[in-house]
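Heads up, the chain below is alone and in the form predicted alone; it's given as structure tokens.
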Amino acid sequence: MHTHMLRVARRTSRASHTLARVAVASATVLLGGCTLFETDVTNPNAVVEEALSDPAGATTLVNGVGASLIRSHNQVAGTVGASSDELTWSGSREYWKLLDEGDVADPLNEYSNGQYPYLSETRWLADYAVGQLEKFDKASTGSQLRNRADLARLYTYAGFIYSLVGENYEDFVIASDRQTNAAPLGANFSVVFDSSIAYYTKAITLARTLGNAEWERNALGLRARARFGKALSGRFRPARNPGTLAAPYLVNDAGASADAVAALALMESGYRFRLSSNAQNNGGYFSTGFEVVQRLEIRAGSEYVNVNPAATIPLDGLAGIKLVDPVSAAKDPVLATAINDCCRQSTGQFLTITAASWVEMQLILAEAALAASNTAEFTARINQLRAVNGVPAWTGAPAALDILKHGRRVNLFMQGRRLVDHHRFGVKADRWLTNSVAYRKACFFPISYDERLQNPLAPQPAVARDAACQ
């Protein structure tokens, strides 16, 4: 496992705290010389945009993109979790209840509406930062980029936000200018995956030039995920009605498989590329961890856990695990670890993101083998994964598709992938109402109400649902 901690807040020493107290005392003394509404003051924390043209700030700029990315993913994990069977409504907030029941297409939903500007911010900031660092990297004077690994890291973050949008949204607005409105991508939505793949390719190329195996394997794993996601996205757009699609839909994408093989060559068994949230980057419209372990508005789904009498938290220890491994019939240890990481009050509210992993690469290759009817390859891949998970080898029962679905369900838990798996495997979430859009159609999150309200080029009227997701 490899975890990246991104902190953008200023660290303060005891001496600086002392200076702060002195400053407060001085301000109190001087207050009499100011009017109550004095505005002619200097903000010592103000940073002008020109400061971002200094290559000395490149690392901080990249960290800022990473922190923004974590905020975005944190929220998507919650809304995808609630819209699927991973999380369920357990509190009083109605919009969690509506997502839980399968109403994913409402632009007015408090949570999907609230998270949208954070993903939009991350996407714009990533593109802006790439432009800045590439300019530094090409400079021939004293303004060169000082650590080129920062650029490989930034390319990876930029690719990740584009693929996160592609995996979970119906449509999106991509604008290059902060003051000029842009139209939704619409029929060109797949460009988000193309942009993601292009960024990952830059990261891989640069990491290889630098001999940086860490960012090469991270970007390779994420590019495999993006190519896999693009193949799935193409299946459901513009087709919406799962009834017209033969389930299950299995992905066998040559590019995704090649990247998975290349990534595995650089990953030790069980490797995970993880991003950790903390007090500085855990914000957003909401924090999924806070909603789960503090407010108790949502909790792990009823097919996964056994809960307390109030139905707000899992029971302690293994007693709280309901889902069993389909071979051993024992409580699944991978899920148990995932629940410990996300959904217990002892976990805390700062969730860790798994962006790419050794187990996901094996799942991609196992699925491709199953799609190609290559039983030997499927068995080898799925049993390598199961060995790392500490569960018995699969010998043919239950069916190969069932063992694949279970592998994805527990190994990708709370990683923003479950909603699309419901649709492509023809599996309804336990809480979906039969008249909900998720029950009837393969729909994802819409362009938000706030974006529509402020952008006349976005779908109008602002409250309207996408025509394909009525």
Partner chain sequence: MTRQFATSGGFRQAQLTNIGQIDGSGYEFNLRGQAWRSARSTVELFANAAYLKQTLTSLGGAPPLKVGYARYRGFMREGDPLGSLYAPRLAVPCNGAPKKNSAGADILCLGADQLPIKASLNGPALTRAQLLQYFSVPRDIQTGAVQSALQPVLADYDGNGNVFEQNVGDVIPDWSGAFVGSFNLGTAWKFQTLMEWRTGFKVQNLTDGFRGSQHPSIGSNLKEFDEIAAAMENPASTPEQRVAAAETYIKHNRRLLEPGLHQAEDGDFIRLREIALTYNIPSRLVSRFKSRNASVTLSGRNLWLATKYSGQDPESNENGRGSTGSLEGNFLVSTDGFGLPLQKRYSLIFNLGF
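Residue numbers count along the first chain shown, from 1. Everything quoted here is computed from the prediction, not taken from an experiment.
Below: the form predicted together with its partner chain, not depicted.
Contact annotation: its partner chain lies within 4.5 Å of heavy atoms from the stretch 113-121 in the predicted complex, the single such stretch among 208-216, 144-152, 379-387, 113-121. Residue contact check for Leu108: one or more of its heavy atoms lie within 4.5 Å of its partner chain in the predicted complex. Contact annotation for Ser92: at least one heavy atom lies within 4.5 Å of its partner chain in the predicted complex. Mapping the unseen interface onto this chain, Asp177 counts among the residues with a heavy atom inside 4.5 Å of its partner chain in the predicted complex. A residue is said to contact a partner when one of its heavy atoms sits within 4.5 Å of a partner heavy atom; Leu433 meets this definition for its partner chain in the predicted complex. When its partner chain is considered in the predicted complex, only one residue from Leu264, Leu365, Val173, Ala338 comes within 4.5 Å through any heavy atom, namely Val173. Note on contacts: among Asn181, Ser302, Ser190, Gln349, the single residue with a heavy atom within 4.5 Å of its partner chain in the predicted complex is Asn181. Along 429-454, a non-hydrogen atom within 4.5 Å of its partner chain in the predicted complex is carried by Leu433, Asn435, Tyr449, Glu451, Leu453, Gln454, in order along the sequence.
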